[in-house]
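Before any questions on how it binds or moves, here is one chain, the form predicted on its own, in structure tokens.
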């Protein structure tokens, strides 16, 4: 069995069964003719023409994606008998770190400190003796109210990281309950939690029901001092409504790692919105545990024990 493994992310040695050959390849190009007999792929899904890319692989049985949400691969028209496994847990830790970093950067006014640094100016107004909870501003995550919207594996890890620094964390999801020790509210029952939120962290996938789900109505529920952090998908945010809320002082701050169109167009109003921090989709991209997952899923695919992890419903 031949597995083609993307060379976009260097991977360590994999413990593969005898007779299984893993070969690196450039997934951004067409598959070389000598490798079109491959039965499996480990890829990000970065080829610009995925339908043609997959058409070159008539013997394909399994695709292991490195993305937690393999939107493009799922939409590429693969035959129903091709198994697609996602990157569940690959990005939990790194995305949670980035969400925490974004939230703290705005709360501790690091963008303003950097501006002063570029001016060679000691910004006394940003340091020294400061009120812990000034009116109309959040300066610390300690005892703050954080709502995490999207409470899968990454959302739960985000909740743990914020809780570790003293925040009170509530989850939001399709259904209510308790997960990973946190109270989770159904979206339809969460308005009161949003009204009391100091930070709203979004980690939602792209789906028809999440398109622009952070809209003017939801933004108006949030307190004027609240911060929005999005490390999910850019399509979940109405960017015009977000820019307006920031410009009109109806939202304290925003930190975005994703945009609806990437790269974010130069004429986007988000670039000039006040109190916004933008990073170029850098929260993930450093998958953890790929080698072990591929080794496990290969064995499961070949009937050598266990069930495949991360199988996407087709």
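Residue numbers count along the first chain shown, from 1. The structure presented is a predicted model; accordingly, all values stated were derived computationally and were not measured.
Heads up, the form predicted in complex with another copy of the chain isn't pictured, but that's what we're talking about next.
With the partner left out here, another copy of the chain still marks one of 70 to 78, 193 to 201, 162 to 170, 209 to 217 in the predicted complex; by a 4.5 Å heavy atom cut-off that stretch is 162 to 170. Looking at another copy of the chain in the predicted complex, residues 110, 278 and 284 each place a heavy atom within 4.5 Å of it. Put simply, residue 98 is close to another copy of the chain in the predicted complex: some heavy atom of it is within 4.5 Å.
The closest non-hydrogen atom of residue 123 lies within 4.5 Å of another copy of the chain in the predicted complex. Contact between residue 54 and another copy of the chain in the predicted complex is not found at the 4.5 Å heavy atom cutoff. For residue 140, a non-hydrogen atom is located within 4.5 Å of another copy of the chain in the predicted complex, even though that partner is not displayed.
Just one of 82, 243, 187, 93 comes within 4.5 Å of another copy of the chain in the predicted complex, counting any heavy atom, and that one is 93. With the partner omitted here, the residue from 127, 181, 177, 136 that has a non-hydrogen atom within 4.5 angstroms of another copy of the chain in the predicted complex is 127. Applying a 4.5 Å heavy atom cutoff to another copy of the chain in the predicted complex picks out 44, 46 from 34 to 55, in order along the sequence.
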